[in-house]
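A single chain comes next, written as structure tokens; it is the form predicted on its own.
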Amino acid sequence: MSKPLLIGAVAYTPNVVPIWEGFRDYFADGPVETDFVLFSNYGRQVDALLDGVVDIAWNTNLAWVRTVLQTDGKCRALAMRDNDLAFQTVFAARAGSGFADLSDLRGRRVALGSRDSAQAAILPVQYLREAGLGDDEVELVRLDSDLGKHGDTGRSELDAIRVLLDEDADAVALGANTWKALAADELMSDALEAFWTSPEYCHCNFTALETLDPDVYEPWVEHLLAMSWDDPELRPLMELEGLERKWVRPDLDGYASLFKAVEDQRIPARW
């Protein structure tokens, strides 16, 4: 390509800028020069990918699903973080709740994060339904405090926890990363208890349209996968982006549960 490969990412935290500046520097010495564009929300990012403004989008799982639906599958997932392969949702309650399973939530209030968060809203609703709890059997308390960012900021999940601690809800649904951070906090770990954890599913991936030349994206992916956790210059960058140790090829089977949830809940393919 005569121009840099352009990556789209959502600016959900100030750390996004140094992350992508670091990626740009890393790829400056690679086979494909790379630059980036930041968006305020995933709707604009997906539109930019579909319109050819960016070549690759760093998508959440919901943004991936919506890209697939809007292109009739004429897109491809290129790579993901190692921990994107095994994401989970945790249902938690105040310590001593006595809850043992989702069925215990019948007639209860469940606090959810933003309605466009797969881990803290969309999939939790699906898990409740699969447990036999219809919309009229559980009161959903929705905290739509970061719409457009698909729960990336974690703000709506923290708002949901506050509702739980204030006893305005009986349970809360959280992404596993949020729960892990809470469990490391001694006060929070004493106040809350997890009582149900979902099956694993996939989260973010780099998404491209089928029109992107494999001779361009394959060398880019190979250079991405070559990022080494043991490199003292690269490790801080990888830690900022939330990797466990490495980039990996995607596992598309891990999105099946979210595709089903989007269909069953009639969530629109477009914003």
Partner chain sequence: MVSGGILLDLVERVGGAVVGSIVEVPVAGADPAVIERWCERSGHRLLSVEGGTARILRGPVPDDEAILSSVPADRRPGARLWIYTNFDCNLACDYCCAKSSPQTERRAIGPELIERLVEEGVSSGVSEVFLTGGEPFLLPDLDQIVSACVKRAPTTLLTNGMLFRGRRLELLRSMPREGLALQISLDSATPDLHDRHRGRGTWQRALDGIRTAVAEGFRVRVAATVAADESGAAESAAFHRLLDEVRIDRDDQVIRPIAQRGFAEDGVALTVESLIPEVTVTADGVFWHPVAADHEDQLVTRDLFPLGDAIEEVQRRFADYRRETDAAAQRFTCA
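Model, not experiment: these values are computed from the prediction. Positions refer to the first chain, counted from 1.
What follows is about the form predicted together with the partner chain, which we do not show.
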* To do: Only one of Leu225, Leu209, Val37, Leu240 comes within 4.5 Å of the partner chain in the predicted complex by heavy atoms, so just point that one out.
  => Leu240
* Structure fact -> The one residue among Pro232, Pro31, Pro214, Gly52 placing a heavy atom within 4.5 Å of the partner chain in the predicted complex is Pro232
* To do: Go through 131-139, 197-205, 150-158, 115-123 and give me the stretch that gets within 4.5 Å of the partner chain in the predicted complex, heavy atoms only.
  => 150-158
* Asked: Do Leu182 and the partner chain come within 4.5 Å of each other in the predicted complex, heavy atoms counted?
  -> yes
* Asked: Would Arg108 show up as a contact with the partner chain in the predicted complex if we use heavy atoms at 4.5 Å?
  -> no
* According to a 4.5 angstroms non-hydrogen atom cut-off, is Arg76 in contact with the partner chain in the predicted complex? -> no
* Asked: Hey, in the predicted complex, is Gly43 touching the partner chain, heavy atoms inside 4.5 Å?
  -> no
* Scan 183-206 and note down the residues that get a heavy atom within 4.5 Å of the partner chain in the predicted complex; none is a fine answer too. => Ala183, Asp185, Glu186, Leu187, Met188, Asp190, Ala191
* Between Asp231 and Ala184, does the Cα distance in the predicted complex come out closer or farther than in this form, changing by 3 Å or more? -> farther
* Asked: How does the CA gap of Pro14 and Asp185 change in the predicted complex versus this form, closer or farther, if it moves 3 angstroms or more?
  -> farther
